[in-house]
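Only one chain is given next, in structure tokens, and it is the form predicted on its own.
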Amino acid sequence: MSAWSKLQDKDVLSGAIFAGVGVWFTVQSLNLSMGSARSMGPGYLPTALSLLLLAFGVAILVRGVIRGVGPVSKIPLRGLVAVIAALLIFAFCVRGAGLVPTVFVVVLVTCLGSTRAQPLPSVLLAGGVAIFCWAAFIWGLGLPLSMIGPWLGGY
């Protein structure tokens, strides 16, 4: 296997992406107060998680260079677009529409990314995840999110 084909390996590329995202978030979180293990500041968890992502990225990259799986195949654009759309929908709609409707729509949009997704199981999954998110985050943890937002007549 040539050096160029090793650089095109999917493990090498995904490891490089993970490592790059880990580095970027580590640098961004260094502006926050770290605190200590006993009294964690707002930068402690983001820094720890981004360093963990960096470590996983480097491990995957090294494994790809050593082992080599093969060239990257066709990128699944449908799934990529669905996941990016779901993230944007959540970011822009959770405060206005509320947690439950936003999570419901986000799960449905994510299901559209799969060619094997069926309508009824997708709706059932979306409903289940929305109810779980309400129970865990609003009811259980008491986060200040509205269940139904002002766009839909909630508070």
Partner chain sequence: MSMDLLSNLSIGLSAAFSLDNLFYCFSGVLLGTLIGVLPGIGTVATIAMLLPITFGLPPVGSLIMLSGIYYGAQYGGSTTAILINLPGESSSVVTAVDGYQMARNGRAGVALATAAIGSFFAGTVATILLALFAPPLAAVALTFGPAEYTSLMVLGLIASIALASGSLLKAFAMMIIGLLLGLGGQDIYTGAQRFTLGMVELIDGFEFIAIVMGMFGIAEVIRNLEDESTRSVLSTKLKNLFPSRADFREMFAPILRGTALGSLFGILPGGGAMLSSFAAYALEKKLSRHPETFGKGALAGVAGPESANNAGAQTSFIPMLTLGIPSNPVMALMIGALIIQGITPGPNVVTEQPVLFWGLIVSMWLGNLMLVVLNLPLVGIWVKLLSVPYHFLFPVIVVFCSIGVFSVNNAAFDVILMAIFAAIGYVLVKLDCEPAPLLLGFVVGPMLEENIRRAMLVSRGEPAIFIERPISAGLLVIAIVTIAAVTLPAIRKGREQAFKEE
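Numbering follows the first chain given and starts at 1. What you are looking at is a predicted structure, and each value in this text was computed from that prediction instead of being measured. We call the rigid core the largest set of C-alpha positions that still match within 1.5 Å between the two forms.
Note that the form predicted together with the partner chain isn't included here; everything after this is about it.
In the predicted complex, A91 approaches the partner chain with a heavy atom inside 4.5 Å.
Shown alone here, M40 lies within 4.5 Å of the partner chain in the predicted complex, counting heavy atoms only.
Within this chain, V65 is remote from the site of the partner chain in the predicted complex, having no heavy atom within 4.5 Å. Taking the partner from elsewhere, G140 is found to have every heavy atom lying beyond 4.5 Å of the partner chain in the predicted complex.
Contacts of stretch 104-120 with the partner chain in the predicted complex, defined by any heavy atom lying within 4.5 Å, are made by V106, V107, T110, C111, G113, S114, T115, R116, A117, listed in sequence order. Core-superposed comparison between the shown form and the other one: the Cα of F25 travels 2 Å or more. If you fit the rigid core between the shown form and the other one, you'll see the Cα of L145 move by less than 2 angstroms. A displacement of less than 2 angstroms separates the C-alpha positions of V109 between the shown form and the other one, with the rigid core held in common.
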